[in-house]
Ligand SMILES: Nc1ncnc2c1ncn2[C@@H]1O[C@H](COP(=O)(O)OP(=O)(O)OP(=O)(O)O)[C@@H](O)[C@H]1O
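First, one chain by itself in structure tokens, the form predicted alone.
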Amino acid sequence: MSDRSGGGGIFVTGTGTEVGKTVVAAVLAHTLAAEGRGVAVFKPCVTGLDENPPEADHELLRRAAGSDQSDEQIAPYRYGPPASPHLAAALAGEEIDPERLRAAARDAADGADAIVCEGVGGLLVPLAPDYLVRDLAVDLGYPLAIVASPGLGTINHTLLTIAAARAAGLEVALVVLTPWPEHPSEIKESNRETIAAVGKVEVRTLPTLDLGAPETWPQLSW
């Protein structure tokens, strides 16, 4: 375990949608909880609830952390359509309030040993027309874990995300490639090595997990 693990909090972002951010955030939270830490979780906005997922993102985060936070405390904004947060809010006749997000994140962290925050999509996704996920990450000030696919194209996507983060003064603590196969191809091994070398960042891997059996999850820290 890194000696930085649980040092205040971490912000989990990704190179895009459906790359495994929620799973990585859940594993980070579960690792801390398994060490006996009091863990809070936070996600500014959840969309796509109309699709009736088996378990919504905020529900998985809460279960992984062993948290008793309410839906509202974990995810202040929750919408049905599978859309960008700013559009999902507009379809509901609302606009996401950045100050409400900042206050909710502060409240979630208050009294916890550590907080795991998960963004929405990638860093440049708008939460409101003039407020990006990256802006929230900067306001919260936590180091980043960047989640990416291990396959073809990931070098460019991941390095662009690292560059966008560092341009805003954010610390990139690690990159997590997932789902990592038991027998990775030469391409995937090269992707991992190249991202680490060019991005000057620690790169970890995470296999496919049984989300119903957190006791089988590997540890993941920063």
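Just so we're clear, the structure is a prediction, and the values are computed from it rather than from any experiment. Residue numbers run from 1 along the displayed sequence.
Just so it is clear, the following notes concern the form predicted together with the ligand, a form of the same protein that is not shown.
- Stretch-level contact analysis of 95-103, 113-121, 69-77, 131-139 against the ligand in the model of the complex, using heavy atoms and a 4.5 Å limit, identifies 113-121.
- Residue contact check for residue 179: one or more of its heavy atoms lie within 4.5 Å of the ligand in the model of the complex.
- Residue contact with the ligand in the model of the complex: residue 30 places no heavy atom within 4.5 Å of it.
- For residue 20, a non-hydrogen atom is located within 4.5 Å of the ligand in the model of the complex, even though that partner is not displayed.
- Contact check for residue 43: a heavy atom falls within 4.5 Å of the ligand in the model of the complex.
- Taking a 4.5 Å heavy atom cutoff to the ligand in the model of the complex, the contacting residues in 197-211 are 206, 207, 208, 209, 211.
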